[in-house]
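Taking the form predicted on its own, here's one chain by itself in structure tokens.
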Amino acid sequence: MKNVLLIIKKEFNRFFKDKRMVLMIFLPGVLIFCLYTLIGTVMENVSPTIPDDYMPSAYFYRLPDDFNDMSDLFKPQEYDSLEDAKSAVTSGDLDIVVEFPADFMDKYGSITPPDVKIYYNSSNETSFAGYSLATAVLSYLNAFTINSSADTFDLVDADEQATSILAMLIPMLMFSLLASSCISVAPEAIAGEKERGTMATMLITPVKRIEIVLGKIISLSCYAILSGLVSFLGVILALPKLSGGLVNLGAFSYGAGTYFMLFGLIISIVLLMISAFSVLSTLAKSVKEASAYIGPLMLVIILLGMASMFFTNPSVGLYAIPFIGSGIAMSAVLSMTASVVGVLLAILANLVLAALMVVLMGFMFKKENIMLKK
């Protein structure tokens, strides 16, 4: 264990005494925050693309006979109750609900005008378009008020909206960030030392080769985790703006268990990534060759992480597939639908495969034709 700590210390000295390496820890997070904030600002100014002939669906509650023509502009829907219709707006199955007061005709045109209520979902483009259309039509009559009471008329579920955006974006972003962090150090750590000739010197010291492998893997993982977490923080800070101002991070709260599961997933993903990249770096004889090997694998890993977006009701067995299972588990954790068994299975699958990679590297370090080839 003492020799492993010496290898870790050596690697840490190389990482943190190099200003460029330290800068690479924080630079991605800063750039991501600036880039995504800029994208979000632009997105806020982009009008929704809805077909010109689209007719919003609507539920009219107590629609007076004199206003029946208004329903021609919408697709009228039937529901058993007003509350059922409101729930449909929240879920996205219905665009708007227009509620007329019971005494509408009595107050219509009087000194005290009746108030018409229009319920909509701001996270749904067609719902917001339907709300705008209904408001414009009713405002044209100018004989009553619209949504003048203190009720809440935007039926968007803030918690569901925020968690769904996080569950969709974060796995893809985290896989990209963690892979980028790993690829920035893995080629240099082993192939770089082989290229400079320092690896041969290290191999003749009285240090077991498996201890060299463990020292390399642990130090590389610590660096990659730190870089990945800084980048993750940049994503979280930029997310409200990136989402066009729709996400309010204060609208929901994650418990300690959620953060613990996320951290466990991140740790296991990084260990697997760095182990896989290190195996390829061990095979290569130069940093350039190692980067050529790792590049395609990095793209595959990112695509596997993105695959989680296509599984709405995954079976438990899918969690056991490395990288794919981790993406599914991360999405489930962020959307608050995670199965503890599934998350643990994803972490265990990553750790088992990472351990096999470390064992493979141990065998590779014993092969002189691999470690000393020019």
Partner chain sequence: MEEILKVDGLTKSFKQPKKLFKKAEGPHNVTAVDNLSFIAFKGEIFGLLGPNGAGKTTTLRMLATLIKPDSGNAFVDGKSIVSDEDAVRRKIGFLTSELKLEDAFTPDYLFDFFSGLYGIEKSVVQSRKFSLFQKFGIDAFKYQKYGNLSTGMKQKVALVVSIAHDPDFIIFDEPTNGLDVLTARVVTDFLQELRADGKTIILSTHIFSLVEKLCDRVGIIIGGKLAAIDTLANLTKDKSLEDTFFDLYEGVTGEKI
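Positions refer to the first chain, counted from 1. Computed from a predicted structure; not experimentally measured.
Missing here is the form predicted together with its partner chain; even so, the following discussion is about that form.
Ile204 within 4.5 Å of its partner chain in the predicted complex, heavy atoms: Looking in the predicted complex, residue contacts with its partner chain include Ile204, since a heavy atom lies within 4.5 Å.
Distance check, Ala200 to its partner chain in the predicted complex, heavy atom within 4.5 Å: Yes, Ala200 is a contact residue.
4.5 Å heavy atom contact, Arg209 and its partner chain in the predicted complex: Answer yes; at least one heavy atom of Arg209 falls within 4.5 Å of its partner chain in the predicted complex.
Lys75 within 4.5 Å of its partner chain in the predicted complex, heavy atoms: No - in the predicted complex, heavy atoms of Lys75 and its partner chain never come within 4.5 Å of each other.
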